[in-house]
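Only one chain comes next, encoded as C-alpha cells, the form predicted alone.
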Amino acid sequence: MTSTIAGPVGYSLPLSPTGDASMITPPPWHFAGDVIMVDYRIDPEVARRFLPPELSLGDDPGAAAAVFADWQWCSDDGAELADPARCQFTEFLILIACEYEGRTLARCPYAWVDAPVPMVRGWIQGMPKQIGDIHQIRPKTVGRAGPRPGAPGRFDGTLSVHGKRVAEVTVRPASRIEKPPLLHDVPLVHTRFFPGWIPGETPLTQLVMSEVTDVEFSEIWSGAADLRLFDALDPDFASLAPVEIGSGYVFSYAETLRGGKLL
C-alpha cells in the first residue's frame, strides 16, 4: 500500500504539517488604530525618482505625508486579540502622492514597525517595512497626562532606528474637519519584490495595489504641525525632508485589508 505525504504547508514560512506554524495568517486582516499625520511637500524631482515608470506624479507633484500609527489587528476569527503582545504594534511611514491611469494613489518608500509580524506581512504586500523604535502620545479621557480625544491639545511622535533619531512630528489640533486627509484615503501602491537566489534567476517584481474594505474614520482634528526628518540614514531618505510643511491631523482609523490587485 502506497501512502501519499503532502509535506509541510502554510500561508507563510515556517511551513509545518498542519500549517499552524506560519508566522503570518492569511488575509483578510482587520486593523484599528490611532493616527498622527502631517502633510508636507518634497521636491517633485525627488518624488519622481521614488516612483516606478508605471506611476506618474499626478496633479499634485511633491505632495507627501508622514504618518505615525498605534495599531491593533486581528484575523477573521479574532484569535490574536487574546494576546496583546501579538495583536499590537506601532508604525511610521512616509507617503508620496502618485497616479496610475488617472487614479490618485499613495506610494510608501519607507516604513518602520516595532514587531516582526507586521514587518513580514508588509513584505508580502510589497511594503518596505523595517524594524524601528516608534512612540506616540496617546489621548486620555481622564487626568492631565495626555491630551483629551476630540479636543485641542498636542500630539507628538518619534522614530529611532539603530539608536539614531530619524523622525519627529508634533500636531496641535485646533478644529474638527469633515474630509479625511487625501493620502490616508486612497489606495496604496507597492512593488512586491523578491530577489533572485538561484544563479540566473529573475527577481520577482510586481506592481500591486492594496484592496481594503470597511474603512472607518473617527472625528478628524486638524491644526498646525511640525515635522523633522533627520539625516541619520541613507542619502535617499534624507532627500525626503520637507521643503514645506502643511497641516497636521489626529484621528482614529480602521480598515480590512483583503489582499492586492496586480496593476
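Numbering starts at 1 and runs along the sequence shown. Predicted model only: the values in this text are computed from it and were never measured.
The same protein also has a form predicted in complex with another copy of the chain, omitted here; what follows describes it.
Enquirer: Do residue 247 and another copy of the chain share at least one heavy atom pair within 4.5 Å in the predicted bound form?
Expert: So residue 247 does not count as contacting another copy of the chain.
Enquirer: Does residue 175 reach another copy of the chain in the predicted bound form, with heavy atoms at most 4.5 Å apart?
Expert: No, residue 175 is distant from the partner.
Enquirer: I'd like to check something about residue 179: if you look in the predicted bound form, is any of its heavy atoms closer than or equal to 4.5 Å to a heavy atom of another copy of the chain?
Expert: Close contact is absent here: in the predicted bound form, residue 179 is far from another copy of the chain, nothing within 4.5 Å, heavy atoms only.
Enquirer: Taking the shortest heavy atom distance, is residue 186 within 4.5 Å of another copy of the chain in the predicted bound form?
Expert: No, residue 186 is distant from the partner.
Enquirer: Considering only 75-89, what residues come within 4.5 Å of another copy of the chain in the predicted bound form, judged by heavy atoms?
Expert: 76, 81, 82, 83, 84, 85, 86, 87, 88 sit within 4.5 Å of the partner.
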